[in-house]
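Coming up is one lone chain in structure tokens, specifically the form predicted on its own.
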Amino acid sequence: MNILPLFIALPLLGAFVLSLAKAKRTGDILANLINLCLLVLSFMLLRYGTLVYKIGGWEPVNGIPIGIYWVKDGFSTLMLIIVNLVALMATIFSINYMEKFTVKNKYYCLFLLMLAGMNGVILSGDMFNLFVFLEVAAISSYSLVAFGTEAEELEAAFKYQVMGTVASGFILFGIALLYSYTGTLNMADMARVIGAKSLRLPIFVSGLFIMGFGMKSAIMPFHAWLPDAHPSAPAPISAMLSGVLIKVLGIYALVRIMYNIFGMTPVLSNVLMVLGILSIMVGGVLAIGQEDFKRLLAYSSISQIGYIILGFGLGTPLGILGGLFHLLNHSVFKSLLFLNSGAVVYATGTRDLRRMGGLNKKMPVTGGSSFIASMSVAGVPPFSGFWSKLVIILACIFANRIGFAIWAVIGSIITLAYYMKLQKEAFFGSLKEEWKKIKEVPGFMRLSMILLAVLCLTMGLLLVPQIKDVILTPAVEVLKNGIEYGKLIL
């Protein structure tokens, strides 16, 4: 039995049930159960090589695929693990955090729709269905950003929706041009056709996709929606947006197309590296001046996305490894930091760092896990972020891109500066009088933060050859093979 349809069917079924459910705890139980099943299924996929599921069982006609394909390979398996891991941590956190909202089942319904969309994007083997699932995830996320229905949330969601719609327009236009050029929507077949023709149109379409998917992933200068959307959303949704949504709808889709359909070229490589460094530096500098806990984390996401884009932009096997590893690490430590911010808001009712101080004394789990995540994102050894940043910097040096390596190091120093500021203002120092009566957050919120903190401490082990060859190397091989990868699908 091919298990790929379950990654879309289970969350869609769960969303349907929750749209009708009346019992208060139905969402807590069903959403976490589905996410746990999906995470187990994601790890089960590590046992297999490339899997192809043809909806309706339609076989190619004269060698041309005519049906809808869902494809599992090393890259998509890694992304499924990341997405469903973060989703499970977010729904565990939501059990207590979302109690203050009156329609939790509707929240979980939208959450599962967003998850189904992301899983669909990852598994799609044709461009049109990639776009359809991208829109399912995006529209769900617009609603979730506005879930609190306060003025700030509604304004942020509207801004996010407008810019997301513009991005989708670029993407759809690019897909239409590719279809007219190649006569196919199947990604593998599209790569075959493009490889046999001139590159004039794909270069233009590359620009459309860089703008469209760049806006989805908030790469500089396409980032304007993110600093409003991430702080306004409920904390578990902020964790999903920053942890996995911008990576799936933006980075994954862009990298998949650039490597496996167009083939990475020197021009694309240089463009991505420049955008990566721009994101690292501008995002980091803007984060330093923030006094809003979640807004600081939002600008930090822009900066850290730059490292991922820089690694992929290099195009070397070591650069690809670094980009994938930092993508995985960022999903974990940034999700944890947004959950930490949610815990602080849950206990204190404020996101203003200037009103905080000494919270470690009352919230040791939140403060301790926040410190671990902060050191990881700043690239301090032996935390996980150090190893992925080190791989990216070494990849720049080995590719004779010394200037990019220097900028990456400077960006990491800036990152350490603003996370030290965050720790000092929020958790260190003396406890203010108004916070003397607060206490640590409830158990499920603590559990998700502890589990993610443990991952921040241990994920450096992914570079151990025996583990790397199972989880990271298959993803590197998929991208390294470029357009030749399509021959494994057709």
Partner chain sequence: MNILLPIELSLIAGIFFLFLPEKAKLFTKVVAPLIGILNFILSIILFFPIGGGNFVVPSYASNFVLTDLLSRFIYLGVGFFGFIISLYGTGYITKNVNRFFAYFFLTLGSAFAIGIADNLIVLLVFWGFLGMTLYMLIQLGKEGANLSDVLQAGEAAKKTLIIIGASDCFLIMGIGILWYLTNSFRITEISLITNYSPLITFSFVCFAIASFAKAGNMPLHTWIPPCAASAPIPVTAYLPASLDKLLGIYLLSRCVISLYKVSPGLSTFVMIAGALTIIFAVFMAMIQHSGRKLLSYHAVSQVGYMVLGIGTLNPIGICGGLFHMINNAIYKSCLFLGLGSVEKNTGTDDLDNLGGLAKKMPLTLFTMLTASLAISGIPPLNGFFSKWMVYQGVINTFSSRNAFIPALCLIAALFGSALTLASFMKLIHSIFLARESKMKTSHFPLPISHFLLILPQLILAIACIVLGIFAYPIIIKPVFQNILPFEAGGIWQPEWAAILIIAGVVLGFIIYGVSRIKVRVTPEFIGGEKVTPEMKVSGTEFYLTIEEMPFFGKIYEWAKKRFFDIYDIFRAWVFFFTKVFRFAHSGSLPIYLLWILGGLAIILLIW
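Numbering follows the first chain given and starts at 1. Nothing here was measured: the structure is a model prediction, and the numbers come from that model.
In what follows, reference is made to the form predicted together with the partner chain, a form of this protein that is not presented.
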* Asked: Going by heavy atoms within 4.5 Å, which of 73-81, 183-191, 124-132, 218-226 lines up against the partner chain in the predicted complex?
  -> 218-226
* Look at the candidate spot formed by Ile34, Ile246 and Ile261 and say whether the partner chain comes within 4.5 Å of a heavy atom in all three of them in the predicted complex. => no
* Asked: Do Lys389 and the partner chain come within 4.5 Å of each other in the predicted complex, heavy atoms counted?
  -> yes
* Taking the shortest heavy atom distance, is Phe428 within 4.5 Å of the partner chain in the predicted complex? -> yes
* Asked: Is Ser412 close enough to touch the partner chain in the predicted complex, meaning at least one heavy atom pair within 4.5 Å?
  -> yes
* Asked: Would Arg351 count as touching the partner chain in the predicted complex under a 4.5 Å heavy atom rule?
  -> no
* Of the options Val365, Leu172, Leu416, Met98, which one has a non-hydrogen atom that comes within 4.5 Å of the partner chain in the predicted complex? -> Leu416
* Only one of Ala138, Leu110, Ala347, Val282 has a non-hydrogen atom within 4.5 angstroms of the partner chain in the predicted complex; which is it? -> Val282
* Structure fact -> Contacts from 370-398 to the partner chain in the predicted complex (any heavy atom within 4.5 Å), listed N to C, are Phe371, Met375, Val380, Pro381, Pro382, Phe383, Phe386, Trp387, Lys389, Leu390, Ile393, Leu394, Ile397, Phe398
